[in-house]
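For reference, the chain that follows is the form predicted alone, supplied as structure tokens.
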Amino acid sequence: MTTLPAATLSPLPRIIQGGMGIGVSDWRLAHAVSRLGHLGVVSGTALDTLFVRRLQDGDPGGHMRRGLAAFPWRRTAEAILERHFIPGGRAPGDPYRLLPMWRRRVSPDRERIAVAAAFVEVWLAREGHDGPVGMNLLTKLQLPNPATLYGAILAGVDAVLMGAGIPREIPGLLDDLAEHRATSIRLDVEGERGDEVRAEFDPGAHWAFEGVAPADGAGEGGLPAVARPLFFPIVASNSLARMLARKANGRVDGFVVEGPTAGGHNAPPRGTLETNARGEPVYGERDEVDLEELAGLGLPFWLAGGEGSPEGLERAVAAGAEGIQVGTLFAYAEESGLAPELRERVLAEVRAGGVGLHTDLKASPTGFPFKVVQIEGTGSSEEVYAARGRICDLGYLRAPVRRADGRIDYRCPAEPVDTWVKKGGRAEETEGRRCLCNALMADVGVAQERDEGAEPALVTSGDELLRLGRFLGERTSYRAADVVEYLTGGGAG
């Protein structure tokens, strides 16, 4: 099979819309930004679960079904609808049906749902225009990534952005997937004995299930000809950017340079951890990226974290960047996936000047610092979260661990304490941990129903939230186009 061309972005965008998960950066937001000529980005994190929950809610507007109608795997599309679509939606109070949690080896049906979910999200974001669309994924969530990326590539995604880890193997993975080749990634297994453990993904097996022989190759009557997307790792240090540019297993096309004021997960401070009076990590000169050195790598880059203003865009370009990545401003736009009641509450607190934000060192099971918006009645409250029974039923943040007998198990410090301890963890490692998988689902209106009530939300934002009032003014809402006009035109919004 001949090497297929890579996707191109010409000209390179001034603005990259941040890839906020789970589902905050959904297809509507990416579509709105992309059709304006900037890089709209969908979040791929836990997208398979979000996809089937939308179907179980009756697929309002028919968007999931419209995307599935374009999906090339017809047997798979029909099976997904038969299993997960509920006409009219679930009965009030009924829990969502769960997908099997990811493991090193899962069923072919489980993989195909992830492929379909990513395809639909990217296809909808690209529908009806020629603007560029990207997908953001967390390196830390290794197991779903190959299938998710393959679905995005089938839908024509232009760029892939990845942070929260060291995505050294992703460029080669993209090369393989764009050629429909069987591939694998190395798993980070705790307690490894020196032997390498890999998770495998074979597109050809799924095409064969659909009745298409992989040997037919790409083109008429065979596999679709697709382009390899550009790869922009998200970095917080010169050393990581330099290593990826020189030692990744394939081509790196640019970088997003994210500072510690960005929302979601942040890189921890370099060196000895120091905290302020609120228990938040303190960042210093060692955590600043030398942009002149970065520019010397000869690759384009964008600045992220606290740059969401016209002045931030001007500073970035003056420093040699192509532009900026902006998350927080877009997160509260009408097109974002954030549940309307949460968006309205946060914007009301912004207008009143009372919004609170805390960088929590323990909340995320990943171990990365995680920014939490302080909203009464949500999972940011110790009292509210304590009332939630500890349960791990989505499992995206579970990490593989080697058992004493040599087999691989999966654990998360936000799961029940006794379960964590039985898998070799220490009880103190569970203190303060939040189940982000379920909480972030609640953020976008698909909270699981439990005996004690609906899953509480836990909203994350960057420090730009504290300055959002400047942009918001007297408005109670705004659209993605207002953000783009503000950033590029210097208007009040």
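Note that residue numbering begins at 1 and tracks the sequence as displayed. Predicted, not measured: the structure shown is a model, and the values here were computed from it.
Only in words, not in the display: the form predicted in complex with a small molecule, which the text now covers.
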Wondering, does G21 line up within 4.5 Å of the small molecule in the model of the complex on heavy atoms? yes
Exercise: G134 in contact with the small molecule in the model of the complex, heavy atom 4.5 Å: no
Give a yes or no for N145: in the model of the complex, does one of its heavy atoms lie within 4.5 Å of a heavy atom belonging to the small molecule? no
Quick one: does G40 come within 4.5 Å of the small molecule in the model of the complex, counting heavy atoms only? no
Report the stretch among 351-359, 269-277, 321-329, 198-206 that approaches the small molecule in the model of the complex to within 4.5 Å, counting heavy atoms only. 321-329
The one residue among C392, L138, V115, I153 placing a heavy atom within 4.5 Å of the small molecule in the model of the complex is L138
Counting any non-hydrogen atom inside 4.5 Å, which residue from V120, A333, I234, C412 sits next to the small molecule in the model of the complex? I234
